[in-house]
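Next up: just one chain, as structure tokens, the form predicted alone.
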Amino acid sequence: MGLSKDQIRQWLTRVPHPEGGDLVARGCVVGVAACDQHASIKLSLVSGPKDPDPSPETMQSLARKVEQVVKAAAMASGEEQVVLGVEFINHAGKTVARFGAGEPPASEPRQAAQPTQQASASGIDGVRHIIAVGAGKGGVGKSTVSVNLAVGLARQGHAVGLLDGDIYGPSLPTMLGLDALDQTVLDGALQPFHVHGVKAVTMGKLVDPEKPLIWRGPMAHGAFTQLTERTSWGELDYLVIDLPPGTGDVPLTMAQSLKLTGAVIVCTPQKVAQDDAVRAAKMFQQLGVEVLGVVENMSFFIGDDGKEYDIFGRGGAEKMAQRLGLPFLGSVPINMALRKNSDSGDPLGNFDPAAAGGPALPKALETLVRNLEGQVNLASLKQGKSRPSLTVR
């Protein structure tokens, strides 16, 4: 059914004002917007031009209370996947802080907008949304997340492409089961493989699979450009790009040449992975690419006995996302079935409880896909790529 403004205003009466009463009774709720499962709330904690702006800590604490109350109330009413943004304004109506939907915490100073690598980038004809999947370090399951996001989006009825941009260590030939297939070229354009409901292209099918690619920056730049510009993608709702780890030449080339809807950061729960993931997030933001959210991969291990084991310390990536003010898209567990399906090139098996070792993995992946769709819709609204729908009942 979606959210309504009246609902949200009623729920905000449950949020206490720092000085007593509730936000609605104190006249702090300046505006509420709602569209499907997306909501935006505008608050003001000042009553006159001489009142000082509230501290960043006060705004951050209040934004968290608003989020907790609204999401809990929405869940109780049957709306589980709510995307919420909270904005604070001063007496003149100027925004002083935003929280949620990928905005930085108020404690981080805002700088004047500067031209970014995205300013001169262009899209790909026929492709609505381009999403990069990156990570600060290798071995966190970035390719696993990319493949399952692409397949999951295709299962939702979208036309999806998957580009293996990890030119140094392409994983798609194995994870999609492409070993027996040959790459074809028609009229000078690469023809994507049609597998598991997605169109896929990978450098792994263009070079000797056992030959290392010892390339300098310009060669990597050229290879990535060839994959993006000389592939016959056709009409796509989503193009998912699996990037190499780190903050090197390929992400920079991508940001300069492709207009992205946003990026997804993959991280495992450990502190050492979080440190590198923070660098990746800052890189995308510096390049002018919106971070759609963080995925905690290998969040926990599901044994054959059905028990869950927090091998790496579940929740670490989620806390990192909260600290950076980034959306958290979800946690993906690991089990024997995920490893088997990935090695055998059967990603669709991860969405089938009978082939995925139970319902936990399919449920986690479906939640991840739904949350990503929500963040893409929100990013598109902000970027002017789409308009909200209005349903009259």
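Position 1 is the first residue in the sequence shown; the rest follow in order. Note that the structure is a prediction, hence the values are computed from the model and not measured.
Omitted from view is the form predicted in complex with a small molecule, to which the following refers.
None of 332, 329, 39, 63 but one reaches within 4.5 angstroms of the small molecule in the predicted bound form through a heavy atom, and that residue is 332. Site annotation in the predicted bound form: the residue of 139, 234, 93, 157 reaching within 4.5 Å of the small molecule with a heavy atom is 139. Across the options 184 to 192, 291 to 299, 273 to 281, 252 to 260, residues that bring heavy atoms within 4.5 Å of the small molecule in the predicted bound form belong to 291 to 299. Heavy atoms of every residue among 143, 175 and 339 are located within 4.5 Å of the small molecule in the predicted bound form. The small molecule is not drawn, but in the predicted bound form it has a heavy atom within 4.5 Å of residue 171.
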